[in-house]
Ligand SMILES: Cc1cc2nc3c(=O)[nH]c(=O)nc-3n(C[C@H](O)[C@H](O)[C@H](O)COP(=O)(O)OP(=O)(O)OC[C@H]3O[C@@H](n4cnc5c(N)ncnc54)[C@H](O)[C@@H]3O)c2cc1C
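Here's a solo chain for you in structure tokens, the form predicted alone.
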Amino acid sequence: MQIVILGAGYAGIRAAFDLDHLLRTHGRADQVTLVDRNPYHQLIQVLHRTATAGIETHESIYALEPLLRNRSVHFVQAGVQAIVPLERIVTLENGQQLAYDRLVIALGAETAYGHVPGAREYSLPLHTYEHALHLRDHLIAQFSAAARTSDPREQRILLTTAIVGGGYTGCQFAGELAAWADDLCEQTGAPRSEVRIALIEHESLLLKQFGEWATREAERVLDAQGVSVYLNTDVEAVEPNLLHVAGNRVLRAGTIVWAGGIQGPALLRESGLPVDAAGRVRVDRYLRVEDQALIFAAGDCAAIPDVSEGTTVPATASYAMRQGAHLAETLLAEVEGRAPRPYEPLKLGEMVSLGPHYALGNPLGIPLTGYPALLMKKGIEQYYRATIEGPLA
């Protein structure tokens, strides 16, 4: 049986590694093919640290070749152009076509700009490794330019960063940038007193997944680091170095970072698959795409029902990883002719850093803040690294 997995993110790589191990353990020779446009697996949960030089660039990616060296997974480096369910093929951007008996879509997500004029053209996203590197280099250039100019107004604009979106990415990046600004100013000669960081959220809560307690704590911690938080603030348009916000107000910023949400890749809709309002492919409780017996989906590109909450499962790395592991078992059941078991989200909680020395989260539903939360977050990250580095990962 030919099993094709699209995407080497948290869900895709977990599905590929676990399925390869299960197939070999059961003495099967089914072929697993993993497809990704990049030759590496990127750790989305640490990209905010890459963008602020908090870690070495290589620490946020894993080259796929060494990870796959002792496995039977066949890797194809290419972007996905289209999925053709009626013909059971995937067309790649290099013109290659892959036939499949079972298909797993784990293509992650794209930055959602919410139809805000100019947002795509004049802001910087932070959703991929390449985004993080570009943003880091951009900030270094801005601070360096600020050190060279004698115009106070231009200097203020160059040293102002506006972050749109108060979710995981926005809050984590704001905290790291506030800390990095000290080093940046020392290295470039830019005046620290002129650095401004604004975090803009259109709803009344930061980190709304956690509830009001997290908003208040995040506001307190970020404010102490010099981050100005604007809640209930809609961004209506973006121009070069300029944000138009509700109430006919403007904010001039040399760096505008867009962390305002994600959406499913356009090719899902273009391939005729059922998608929700955010462009994520709709699946049932087995992670099987609706009306598609041979196609499954997981991770950020999938709208996965959470029956107990009456909503969809959050798009986070921890959920995606466990969905990939579940799909490996499901696919083994498929090739062996057994009925798969339904996916049930395991709610272990989430952790969010607010700079290099502070974090908050809700492990097992219990609010946790400060250094203990930071230690737990780092421990979780190290555990994940071990799961993909191990010989049977």
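Note that the structure is predicted; figures quoted are calculated from it, not measured. Residues carry their position along the shown sequence, with the first being 1.
Another form, the form predicted together with the ligand, is not on view; read the next lines as being about it.
S.K.: Looking at the partner-bound form in the model of the complex, is residue 350 within 4.5 Å of the ligand by any heavy atom?
M.R.: Yes - in the model of the complex, heavy atoms of residue 350 and the ligand come within 4.5 Å of each other.
S.K.: Any of the heavy atoms of residue 116 lying within 4.5 Å of the ligand in the model of the complex?
M.R.: Residue 116: no, not in contact with the ligand in the model of the complex.
S.K.: Taking the ligand as it sits in the model of the complex, is residue 264 near enough to touch it, meaning that at least one heavy atom pair lies within 4.5 angstroms?
M.R.: So residue 264 does not count as contacting the ligand.
S.K.: Consider residue 260 of the chain shown here, and say whether it contacts the ligand in the model of the complex, taking contact as heavy atoms within 4.5 Å.
M.R.: Residue 260 lies outside the contact set for the ligand.
S.K.: I need to confirm a contact call. Of 188, 241, 312, 318, which residue comes within 4.5 Å of the ligand in the model of the complex, counting heavy atoms only?
M.R.: Selected option: 318.
S.K.: Go through 202, 127, 288, 156 and name the one with a heavy atom inside 4.5 Å of the ligand in the model of the complex.
M.R.: Contact with the ligand in the model of the complex is made by 127 alone.
S.K.: Based on heavy atom distances of 4.5 Å or less, which listed stretch (176 to 184, 140 to 148, 292 to 300, 228 to 236) is in contact with the ligand in the model of the complex?
M.R.: Comparing against the ligand in the model of the complex, the contact stretch is 292 to 300.
S.K.: Would you give me the residues of 6 to 20 that have any heavy atom within 4.5 Å of the ligand in the model of the complex, in order from first to last?
M.R.: 7, 8, 9, 10, 11, 12, in sequence order.
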